[in-house]
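There is one chain below, alone, in structure tokens, taken in the form predicted alone.
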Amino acid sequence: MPNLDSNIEYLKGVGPQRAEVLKKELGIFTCRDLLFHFPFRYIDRTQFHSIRDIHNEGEQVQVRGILRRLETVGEGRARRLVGSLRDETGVMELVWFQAIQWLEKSLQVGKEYVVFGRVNEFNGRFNITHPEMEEAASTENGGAPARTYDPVYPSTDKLTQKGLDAKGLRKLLRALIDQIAPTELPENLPDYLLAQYKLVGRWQALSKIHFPENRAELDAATRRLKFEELFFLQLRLLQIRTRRKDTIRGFVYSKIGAYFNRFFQEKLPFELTGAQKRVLKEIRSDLASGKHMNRLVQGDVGSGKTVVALMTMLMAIDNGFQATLMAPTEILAQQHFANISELVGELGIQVGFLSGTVKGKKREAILAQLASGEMHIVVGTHALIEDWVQFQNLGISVIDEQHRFGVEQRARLWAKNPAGPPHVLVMTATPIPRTLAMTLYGDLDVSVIDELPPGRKPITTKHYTEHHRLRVQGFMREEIAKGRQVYVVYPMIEETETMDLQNLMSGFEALSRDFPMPEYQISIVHGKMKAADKDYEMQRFIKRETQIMVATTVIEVGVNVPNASVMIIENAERFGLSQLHQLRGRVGRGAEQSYCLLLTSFKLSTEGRERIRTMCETNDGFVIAEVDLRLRGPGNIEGTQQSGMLHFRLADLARDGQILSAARDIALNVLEKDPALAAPEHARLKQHLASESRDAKVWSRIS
């Protein structure tokens, strides 16, 4: 008899051939893997429809009736098997296009069947194509009782060919659960948690998730297994964070000095928002604690993250340290350099710029100033992590748009100060829903800047279809006549890059005809251009030498042109919500009213329509991120694909926020009372984490 760690081929009903397909198609290698292959829906076998009451095409129905006719009609590809099912209220047609010979032998006219499937309408009559058929179970004379909830499992064509469709997988799981002793799957949660939160036992949950007898059993099993999945994830993440805080010492910034105070009192161009002040207090507390800071600052486009980062760097300089700001692109790094240089002008702070394009004597001078400690702040690209860049006393590393950098790149920043790792402040303008942040960044301390500076006008967003192109062009002319500038953005998706480039170029040519020289000047920027050409075109737009910038999403991050007040997004239905929001954030940076016009084809999918509607209804990046999470799932939110921890077996971050929050609070409570999980009541937790850690895919980032 197999155990949970046995090769799947030794389970009764599998064998070598089926085992090979299960491994290739579903990644099921052992009996344990099969046990954790959960159903994605259930058929409620207690509910039957009368044929007379079936009215809606597309609905799934279960009907009980007598098979009255079965015949093969048509030839060649049009050949099909047609059956007729009768109940007390009427007659319905059943149709099969595949496995006809096998079905002719298996099905018997005159017998009663339970039929399940999706309703289609053909020539004014309803039928079910490829229904699930089962002889009606008799409960009389000792027959098997009728089932209630039948699990339906993810399957594939290759599995179905081997008899492992939903029904075949159901048989295997029934056999497995009947053979496995409950002791093979020991409880992994403490008894006090099970009692306190009314959670069913682990074995009961796993057997009932596959074969519940009613809705209450299914709900109890689902709740228990989702909690377990999220609880152990949070426990691991919080252990990483605790370990880091306890073992890695941080430089102590004991004072707020002259640079910080002078900047705050004399140079700050605007009043800090309440959110900025709150985040600065959190950072100040970290830096004075003697523990290593590893903090993520989330803030919508234009919320003032850069000023917070600069004031953090000034704290480092006041305490005798150097600071660095690393950005993912040369354009964004240049922009940060220009902003910071302007903000700290007259304070006597040396700010340098370093990227792969800085060469020769200029580079040598910057490197010498960094090594001597003469340069206080260096802004740059990933060139900053190269071995030839040496600091005298690096105290803080600020990383912008952190998801663009890998763990190894961030680790190399740690090695820049032999006296100890610099504090790390990570910034992102990609709003991340709270549930996702708790999962992705559970081992970081997270701060949120959730206010925009006063005086910022919300961007007006409108949706237009192709039919309104002339109206959109008229609006562009009006804004340009007022002295404003316009972005026109085209999608650039790798799979269709050649076609996208053609669309961009034909769009550029059409705009050149509609906005002719010399009255209008147009810039063009796309990813296939050389860096120097791209930069030249960007600079022309920044200097107001051109009124229209035609671009791909290369402008998503990094261009700050306060005079640009109109963003037109072509084929907006091809962009994700977060990307649309990022693009929209390129305008609205000046005092004037700004606009974002979303141009789409007339036909939109349901999801596409919801994305466009959300953009038109709100400017709140966190609301947008929540909708994006619900529509696309966590693995597709920008920057999260690299995280192995997002592939949940059962939990769904878009729907299980409450369970996640509870799991995190409980994990925090457990670790506060017993950080090493040494107490007898936590022996199960410790044992489970140890067994899981052998193959767990925890994204424990270095910084």
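If you're wondering where the values come from, they're calculated on a predicted model, not measured in any experiment. Quick note: we count residues from 1 along the sequence shown, nothing fancier.
Here the subject shifts to the form predicted together with adenosine-5'-diphosphate, a form of this protein not shown in this document.
Whether S303 contacts adenosine-5'-diphosphate in the model of the complex should be assessed with a 4.5 Å heavy atom distance threshold; does it? Yes.
Considering non-hydrogen atoms and a 4.5 Å limit, does adenosine-5'-diphosphate approach D191 in the model of the complex? No, D191 sits far enough from adenosine-5'-diphosphate in the model of the complex that none of its heavy atoms falls within 4.5 Å.
Looking in the model of the complex, any heavy atom of F270 within 4.5 Å of adenosine-5'-diphosphate? The answer is yes: F270 has a heavy atom within 4.5 Å of adenosine-5'-diphosphate.
Wondering, does R574 line up within 4.5 Å of adenosine-5'-diphosphate in the model of the complex on heavy atoms? No, no contact at 4.5 Å.
For the chain shown here without its partner, which stretch in 610-618, 451-459, 370-378, 166-174 has non-hydrogen atoms within 4.5 angstroms of adenosine-5'-diphosphate in the model of the complex? Residues of 451-459 come within 4.5 Å of the partner.
I need to confirm a contact call. Of S578, T435, S447, Q276, which residue comes within 4.5 Å of adenosine-5'-diphosphate in the model of the complex, counting heavy atoms only? Answer to the contact question: Q276.
Would you mind picking the one in H292, K226, R589, R295 that has a heavy atom within 4.5 Å of adenosine-5'-diphosphate in the model of the complex? Selected residue: R589.
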